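As a starting point, one isolated chain is supplied in structure tokens, in the form predicted alone.
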């Protein structure tokens, strides 16, 4: 496998493995980690209590400085400023701030604007309490050959894979992924398979729409998975207007794609009707499957490797009452592969499913977080869950239901216990969207510690 990778990339893989080695024992996560369970397996892991949560936040016209910003919140209960906003970095203008992701060494946080197509790279290692804007990529559309809407930022060894949502020809959902170095240099564009160009993939159902959304990997199976959502013409449209537009409602993805991780070539296109969004993969070395949920049909889907080594996609559970379209959004798998948190935007609830039998998930708990809820970041030890509200600038609720906050709950295995809330509107920060964890402990060693470890291994 290593001979297929550039030398620098291979070194990055070894470094990440060394830094993150404490996170895995025999391929199964231990119970002492704190880090988010939806992170890349190539990333260095936080050991113990996280110190900060970085919230990528949408600016609101007429509120504060009106700009998108990275908001740092102190979350270590031993800190004097526990539960407070301790730093803000505004990026200039409103870009439809959405998702973010850390590099494999966790030194940089990448964040994107779905409307402006800008990518903002923050330095989170020089001073974890006070991140700084390190670099802005403004040529995403040109470099990728027309991709629009940088969405997921996913760490690979020495690389960041950026999935997009749209294109600059018709602003529909046909799109692809862009591969960058961790330093921000463009490497390659990987367009999703369509009926007109399957790119060597096997179309197993009725659709090959070429739509994109999320990306995740199972390295030991040499598998990369992508899901699908909708294009710029929909996600920038007023939500009510879109729901009443029959043509707009046809412009949602209905597919997931299994890729060869190493070659970046698509292998299979599955029908997963109803806009499959976030993908979360099992952590155990014996569990070869991932979950997704469909926004429009309110289903949980299992993407799994069968006994013959072939990948399949099955609908395995309902989320609430699908006829009421609760709109499942973010999901989070527990580190022991026993539970799945599912957030539903319309009713503001989080639901916990027992997935000990992944083919038969069972809901065992639900809790209303607020009038609306979107993202969850769950700690590796399962004791903490953070929630934020904003879905998209033009899709969030209005009036009294337009709550914009950050909340921390403790989870004891049976129920959630609220710890604190930060009202982002009250502080004139804007709309709270995606979260990522930070910790002093990640950078307590000398700056070149990973290089030192590498040199010892190579000797």
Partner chain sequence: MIINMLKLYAWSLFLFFCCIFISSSTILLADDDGVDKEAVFGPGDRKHGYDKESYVTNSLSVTARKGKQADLLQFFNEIPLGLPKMKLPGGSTMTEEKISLGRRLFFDRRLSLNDTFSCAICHIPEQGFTNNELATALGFEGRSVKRNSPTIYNVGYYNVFFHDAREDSLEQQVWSPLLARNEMANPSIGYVINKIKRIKEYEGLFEAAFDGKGLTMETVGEALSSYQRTLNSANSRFDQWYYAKQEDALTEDEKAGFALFTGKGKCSACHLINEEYALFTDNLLHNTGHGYAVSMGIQPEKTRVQLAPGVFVNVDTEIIDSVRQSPKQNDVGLYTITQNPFDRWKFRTPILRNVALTAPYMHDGAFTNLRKVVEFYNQGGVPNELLSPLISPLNLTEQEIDQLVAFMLSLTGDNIEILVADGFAAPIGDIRTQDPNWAHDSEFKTE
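Predicted model only: the values in this text are computed from it and were never measured. Residue numbers count along the first chain shown, from 1.
Form predicted together with its partner chain: not shown, discussed below.
- The candidate site formed by 109, 261 and 285 is entirely out of contact with its partner chain in the predicted complex, as no residue has a non-hydrogen atom within 4.5 angstroms of it.
- Between the options 216, 351, 151, 251, the residue in contact with its partner chain in the predicted complex by a heavy atom within 4.5 angstroms is 251.
- Proximity to its partner chain in the predicted complex, taken as a non-hydrogen atom within 4.5 angstroms, holds for one residue of 184, 320, 382, 83, which is 184.
- Considering its partner chain in the predicted complex, the lone stretch of 170-178, 301-309, 352-360, 154-162 in range is 170-178 [heavy atom distance within 4.5 Å].
- Residue contact with its partner chain in the predicted complex: residue 240 places a heavy atom within 4.5 Å of it.
- In the predicted complex, its partner chain sits beyond 4.5 Å of every heavy atom of residue 49.
- Using a 4.5 Å cutoff between non-hydrogen atoms, residue 366 does not count as a contact of its partner chain in the predicted complex.
- At a distance threshold of 4.5 angstroms between non-hydrogen atoms, residue 139 is in contact with its partner chain in the predicted complex.
- Residues are counted as partner-facing when one of their heavy atoms sits within 4.5 Å of its partner chain in the predicted complex; in 376-399 these are 393, 394, 395, 396, 397, 398, in sequence order.
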